[in-house]
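Starting off, we have a lone chain in the form predicted on its own, written out as structure tokens.
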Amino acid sequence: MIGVIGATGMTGRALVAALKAKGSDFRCLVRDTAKAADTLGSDVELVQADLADAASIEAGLQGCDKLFLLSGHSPVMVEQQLNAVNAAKTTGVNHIVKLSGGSFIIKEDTPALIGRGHWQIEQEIRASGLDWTFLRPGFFMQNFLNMAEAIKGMGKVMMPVPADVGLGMIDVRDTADAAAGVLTSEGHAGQVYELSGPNVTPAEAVAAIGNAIGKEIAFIPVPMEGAIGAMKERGMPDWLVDHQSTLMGIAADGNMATYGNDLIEKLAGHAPRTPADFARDNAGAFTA
């Protein structure tokens, strides 16, 4: 039995679909079972659990031998995910598959709180005595969904990165398919899997969205200071501003390039999705 934490987010929903397609035996631990049933379907086993409540996680993991661990970015991410790790040890889970951050930000001394948090969680899992696998994805194509209003309203995307810098982009569905492959097969213990497709420039990704919706979309590089100011004006908390600006700085310096491997194909069983695939499948999000 696979326990899934983080099932209702974008990656989690794709993982649930992939596990369903494989006919896998799994259970989702969710805060609100009624809301999750609306999102995931009535044919998915759901148990109420909250990462802030260690006892509820222990109850939800009873009978599970594998755990997929994912939670949203927040200042309490470390505490909450370690609640899940400790519950896994208590209940007899023997393998944790953690969706982490990219290798470019998972460092003890990274300036971003979230990057340091993932690093700390990974260290604790390594020391847990359990088998583990870490999935480290590249730049998510779905990040462009956060820019949908600008695309619809102004016909442009603004980012503090050069238009021609190479980014190792990945569709969250490929991350989920790779995770499903790991969770349903053996031989992955002690592995760090860096997941991305080939390099794609921001200009190419934006052009793919424009082609999908039949509209020319401009990509406009902006100064980092301006991007930080805009995030603060929107009321974004300082820890998230630091995270986003750190990521964009890494990308702007060319250090978020493709990992240059074929792990998606090996683990997911298919070639990586392209920006054209992403844009076509999400075209409705970018049209008024």
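Residues carry their position along the shown sequence, with the first being 1. Not measured: the values here are computed from a predicted model.
There is another form of the same protein, the form predicted together with a small molecule; it is not shown, and what comes next is about it.
The closest non-hydrogen atom of S71 lies within 4.5 Å of the small molecule in the predicted complex. The closest non-hydrogen atom of I114 lies within 4.5 Å of the small molecule in the predicted complex. Although the partner is absent here, T8 lies within 4.5 Å of the small molecule in the predicted complex, judged by heavy atoms. Interface residue remark: R31 is counted as part of the site for the small molecule in the predicted complex, having a heavy atom within 4.5 Å. In summary, among the residues N211, T184, N143, N94, the only one with a non-hydrogen atom within 4.5 Å of the small molecule in the predicted complex is N143. Looking at 198-206, 213-221, 176-184, 95-103, the stretch with residues near the small molecule in the predicted complex, meaning non-hydrogen atoms within 4.5 angstroms, turns out to be 95-103.
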